[in-house]
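Structure 1 and structure 2 below are two forms of the same protein chain, each written out on its own as structure tokens.
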Structure 1
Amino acid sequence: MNKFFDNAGIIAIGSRLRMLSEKMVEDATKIYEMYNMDLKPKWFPVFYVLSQNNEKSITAIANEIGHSHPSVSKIVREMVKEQILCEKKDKNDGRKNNIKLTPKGKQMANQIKDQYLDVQKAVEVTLNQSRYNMWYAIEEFEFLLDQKSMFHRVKEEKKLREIKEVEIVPYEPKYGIPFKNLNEEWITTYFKMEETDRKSLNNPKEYILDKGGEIVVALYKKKPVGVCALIKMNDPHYDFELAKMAVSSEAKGKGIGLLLGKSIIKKAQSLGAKKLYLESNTVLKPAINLYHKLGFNKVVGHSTPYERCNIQMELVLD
């Protein structure tokens, strides 16, 4: 094995597959030359499909071989130039062109049969010499990536790693400025600051904590990046309002909002709360999805001090 792959390990799987592909293409080029076939390896999928069928549109070819339309279109142009393929109008739709083999292409399709037999036998022998059947392994790997791409798998691992560095801590006076700034950031991005915002953000101790509420702070690598408050309510239906949840734009996508929500709900339960309330706006789709994930459901009929509020939700606690 290449020493680089020994050192890099499986994180270099893409590079290794590309190198293997390049090696196979190099051999394929030599094999075509050995059989006097004027074909390029990249043409093979298009050539094979058309040799098995009379004619097909570029879209149909692209769908069958799993290539993009522009990629197939480029290959077809190259093969038309070499007089292997030709275009003809579709019998049923004059606006559409179908692609078919020329007499030269049909002759090549007949001549290549021996090459197919020899290549298939050589591949079978190679696979039988292997501990693992690479053909089936690739098939399984492709299936898994169809279910979830490598990009999304890496994104999930990134989130899991980063979330381990998030710590949820109780509010302290030193977090007063982050509490205010984080909330002002999202409010002014979508709406405008209102009087109720100013009261709670400028005086969290007086407006929230001294009245029996709570505030939690999310630290990422010891830096405050998220906050959430539990405000005591004078309402016969609700004990507390979940409010002033904010996450720094730099820290979004790490699951911090969910951690804050779960933490503040746990605080409410420890205080004997039976039902929580919140207000939001449907333009904040990620926030609304988060609240649903936390178990909140939409309610109506409550007065609100906020102009921006167009949805109200509640959570019944066990």
Structure 2
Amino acid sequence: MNKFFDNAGIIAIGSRLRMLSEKMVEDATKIYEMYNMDLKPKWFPVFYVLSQNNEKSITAIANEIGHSHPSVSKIVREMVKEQILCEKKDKNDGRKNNIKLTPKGKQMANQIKDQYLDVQKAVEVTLNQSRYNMWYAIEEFEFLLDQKSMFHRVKEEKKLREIKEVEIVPYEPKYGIPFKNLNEEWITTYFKMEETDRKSLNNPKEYILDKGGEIVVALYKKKPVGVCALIKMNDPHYDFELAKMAVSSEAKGKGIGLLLGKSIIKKAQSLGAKKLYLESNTVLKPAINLYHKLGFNKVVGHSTPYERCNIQMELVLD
């Protein structure tokens, strides 16, 4: 068993915690017996809060000890049968079931104090014998998880690892089909293809590159999963339009859009651009977000050939 933890390591931390907690509960049973306390370990949290408070409702107890209310409900029923607790409907609120210790329960609460002292000492001594205090360690770990869950942390690591396998390369004729398909994917799911789309997607060389524009392609594990174009504009205010940005749905969430955007902006700068322009639609929230992250700001009052455009943005380069 220890071999398993040594091999699997940290990824088995959940199993390890469960086993340790089971071991503790097992010993707790024997400890209650030694002190002649007719209490099951699982009753302890309920018993404890009621010995500190005169009276509490089911949900109030559940919240305090971090159990679900049905769990408390069941525990209370068991303890009522053993005449440790008694129930009483709340006078002002007919839904509430107020629970408190019976005289027998109070006597037990008194009797158990020595046991608490001994257990506390024993655990403290054990913790103090170790270099890494487990009680503090758990406290810290819970605090860190409250700030950012383990799921969230793993997601971040995944992204970090995957982005290393992403490569941004210049357009080549062999990327013609992916260039078209990746763009069609998002356009047809949210809008419909327009005439202007068809032209530039079918003939990127003629409509984009030959006019002085650029296209970059994102490869993930050597396969094209994202594209982005820089289109030369005939406009006194803007040099280029950032357009035809697309990332395949399977490759989303890896930060590929950001890489494409940064790469195309760099290209624009190397071409001497001073100002970039783009058109989009506010339903594409992640895209708008990305454009903001890249430094684009909203502008108004430009004409557009696209029906789907309801937001226009610009980026001033230095």
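Residue numbering: structure 1 sequence, from 1. Please read all numbers here as calculations on a predicted model, not as lab measurements. Rigid core: the largest C-alpha set superposing within 1.5 Å between the two forms.
Form predicted together with the DNA, given as structure number
It is the second structure (the form predicted together with the DNA) rather than the first.
Let me spell it out: two rigid parts, one turning against the other between the two structures. At which of Asn133, Gln111, Lys222, Ser270 is the hinge?
It is Asn133 that lies at the hinge between the two structures.
Once the larger parts are superposed on C-alpha atoms, what angle in degrees does the smaller rigid part turn through between the two structures?
Spelled out, the smaller domain pivots 11 degrees relative to the larger domain.
By how many angstrom is the Cα of Leu85 displaced between the two structures when the rigid core is overlaid?
With the cores aligned, its C-alpha sits 4.1 Å away.
If you line up the core, how far does the Cα of Leu101 move between the two structures, in Å?
It moves 3.4 Å at the C-alpha.
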